[in-house]
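Form predicted alone, single chain, as structure tokens, below.
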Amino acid sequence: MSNQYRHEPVLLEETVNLLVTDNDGLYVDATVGMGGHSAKILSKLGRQGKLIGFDWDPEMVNISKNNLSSYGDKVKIIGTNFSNMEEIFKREGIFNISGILFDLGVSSLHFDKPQRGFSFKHEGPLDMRINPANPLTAHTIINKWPYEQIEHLIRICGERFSHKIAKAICERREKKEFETTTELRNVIEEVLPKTNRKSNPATKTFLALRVAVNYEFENLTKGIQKGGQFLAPGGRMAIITFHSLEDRIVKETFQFMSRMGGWKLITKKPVIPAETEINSNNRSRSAKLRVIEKVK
């Protein structure tokens, strides 16, 4: 792997310390990425301990297989979205896992590679697909979806000026289709004031597109439900989120599970990065970790 692309696993010590309760258990990294969290989990496991990693991105599957190759048959990486884990577990004959981790969002590699089209900081195609086989792209949404759908999508991701942005997008595409991330960013910057904003005016629109292209909220809900079915008593589920909409889904779902019985909240409040981590890795600043345990 090129040294140009690196990914620092967020809340690494905190996550693994809360997740691993059985050193000889079977753990699942549902979003293995480059393998940072997985390597830390594997380093804590005993002779019988094993890990299965999932990733929807074929590039990440290859990178993590290479990065974790020294662990041999203690680790198995499978290229699939974690929403498919039920089928995978049944196929592999797995019915009890000791812990499952979801590190949501996307990797630094996705943001840093212009050709993946995730970032408004680099000019690239309006793509944003985690898996290149996915037929839906940001290009399709921006150029083909009606005003109402675009406005709703941007609004639910927290953009107060969703109507202005959606209107500007629809007016611009009548003259010429959007092709690049820079074209979209420039249109948004033209209609939104930059004053008193901590982030670029395009931030929430790009987030909304990424979430829609990769079915992130739908897959998160499926992942929690399916993963919970396979956790052994005493097993834990840890989820790291990077924006308020994801965190709200996790918070409310965990609270509901706890109220219904059979589950115990391990983190009453989310664990957040220490100042030292934020200073060394700015992308960790919005991370929140929540953990729940299946009651014995």
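When you see a residue number, it is the position in the sequence shown, counting from 1. All values derive from a computational prediction rather than experimental measurement.
The following text describes the form predicted in complex with a small molecule, which does not appear among the structures shown.
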Requested in this report: Give a yes or no for T80: in the predicted complex, does one of its heavy atoms lie within 4.5 Å of a heavy atom belonging to the small molecule?
Outcome: yes
Query raised in the report: Does G235 reach the small molecule in the predicted complex, with heavy atoms at most 4.5 Å apart?
Result: no
Query raised in the report: Applying a 4.5 Å heavy atom distance criterion, does H139 contact the small molecule in the predicted complex?
Result: no
Query raised in the report: Does any heavy atom of F254 come within 4.5 Å of a heavy atom of the small molecule in the predicted complex?
Result: no
Query - Which of 262 to 270, 41 to 49, 26 to 34, 224 to 232 sits within 4.5 Å of the small molecule in the predicted complex, heavy atom basis - result: 26 to 34
